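Take a look at this single chain, the form predicted alone, given in structure tokens.
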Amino acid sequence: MTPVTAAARVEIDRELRPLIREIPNFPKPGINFKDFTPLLANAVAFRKATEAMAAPFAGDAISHVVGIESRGFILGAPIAQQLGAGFIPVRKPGKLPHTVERVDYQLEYGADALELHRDTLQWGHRVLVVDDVLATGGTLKATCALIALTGAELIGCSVLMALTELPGLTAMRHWRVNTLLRY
């Protein structure tokens, strides 16, 4: 896996951006949803996206990739394989069958929580968090807090898209965050 150069980033943007479909007023009025299922359906683009999301962390000895429910699973699993790492899902409450760590967090429209199995991460593990979109930063910050509870080391986060008009990039400024596409 080779590092992503500035020229390669421009090429990746040029190839992948047309495969992100915007759905107005979904899931509610005023939201312009970024649908990346056309990118997933294109085998070459899907591989390029996950390779480019993994590349900045190739030299970081990542031991585990944490994917955030549910679209983070789709991207996180192939990134884990590319990095030679294990994959760990972070899920909404009640979805994991074993003892969990849990973090509650606030959303702009209410509250939510995330969980991960308590025995999956521990001190000495080097973790990369993966998700599809960075918007307000709430879900990503909550996942980082979950990782901190385990004693594992958070190396960084890699997201396919960041929505620059929302505060997520600012909220995550204290962490290493790689974004592939910005809107």
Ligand code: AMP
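These figures come from a predicted structure and were not determined experimentally. We number the residues from 1 along the sequence you see.
This next part talks about the form predicted together with the ligand, which is not shown.
Residues of just one listed stretch (116-124, 150-158, 48-56, 32-40) have heavy atoms within 4.5 Å of the ligand in the model of the complex: 32-40. Residue 62 falls outside the set of residues with a heavy atom inside 4.5 Å of the ligand in the model of the complex. The closest heavy atom approach of residue 12 to the ligand in the model of the complex falls outside 4.5 Å.
Residue 163 belongs to the set of residues with a heavy atom inside 4.5 Å of the ligand in the model of the complex. Contact check for residue 137: a heavy atom falls within 4.5 Å of the ligand in the model of the complex.
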